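Here you get one chain, nothing else, as structure tokens; it is the form predicted alone.
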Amino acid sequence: MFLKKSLYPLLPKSYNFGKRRNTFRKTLKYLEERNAKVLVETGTARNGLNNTKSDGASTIVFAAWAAQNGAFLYSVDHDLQAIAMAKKEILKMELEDSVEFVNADSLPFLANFEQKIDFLYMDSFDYDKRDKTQQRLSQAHHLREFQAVKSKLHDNSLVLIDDCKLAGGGKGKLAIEYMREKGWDITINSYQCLLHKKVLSEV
């Protein structure tokens, strides 16, 4: 059993979320406090609930939370195989009424999204620990994602960025710098980085 690293009771105790567990737990608590309804994820969790410790299984986590809280998740990815694998798990868990998968490039999807977003999770363009060119491309892409969607966010919105504590600054380096210039504050600065505008309570 992995009770200390699980997200039980949202998901069974046997799933170990490793370094993402505490950030996920706190983020979901903040979403509940803020009555979040519209959730958007860039980068669908490729492996469903397999490899939760290394991959995070974010799509399943947010879809399960959405199902329990009357919310809805939009998960966008350009890779049809990633979507197919996540969708298989979603159907198995009977969460299909709480998530919509979109096969598209995240930038036009975000720019054309028609609703206000309560929660944005950025985990798209892969980041390489050794390839500095790939690192820069990933960081620039995540910055462009935020710039594309910032008008759809509001004072109560939360933004969570994955893979931040990596060599070279991680996926969120440029996006976080830009967001802080625009009045966003860091709530959690860990492997994942959570940012907000309106002050959050302690959880």
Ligand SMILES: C[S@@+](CC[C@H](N)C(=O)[O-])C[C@H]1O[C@@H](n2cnc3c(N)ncnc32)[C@H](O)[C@@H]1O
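All figures in this text were calculated on a predicted structure; none of them were measured in a lab. Residue positions are given as counts along the sequence shown, with the first one as 1.
Beyond the structure shown, there is the form predicted in complex with this ligand, which is absent from this document and is the topic of what follows.
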Is this ligand close enough to A64, E96 and D118 in the predicted bound form that each of the three has a heavy atom within 4.5 Å of it?
no
Out of the stretches listed (173 to 181, 26 to 34, 51 to 59, 150 to 158), which one is close to this ligand in the predicted bound form, meaning heavy atoms within 4.5 Å?
51 to 59
Contact label in the predicted bound form: A82 to this ligand, heavy atom within 4.5 Å:
yes
Answer yes if any heavy atom of L39 is within 4.5 Å of a heavy atom of this ligand in the predicted bound form; otherwise answer no.
no
Are any of the heavy atoms in I90 no more than 4.5 Å from a heavy atom of this ligand in the predicted bound form?
no
Is S138 close enough to this ligand in the predicted bound form to count, meaning some heavy atom within 4.5 Å?
no
What residues, if any, in 12 to 34 have a non-hydrogen atom within 4.5 angstroms of this ligand in the predicted bound form?
none
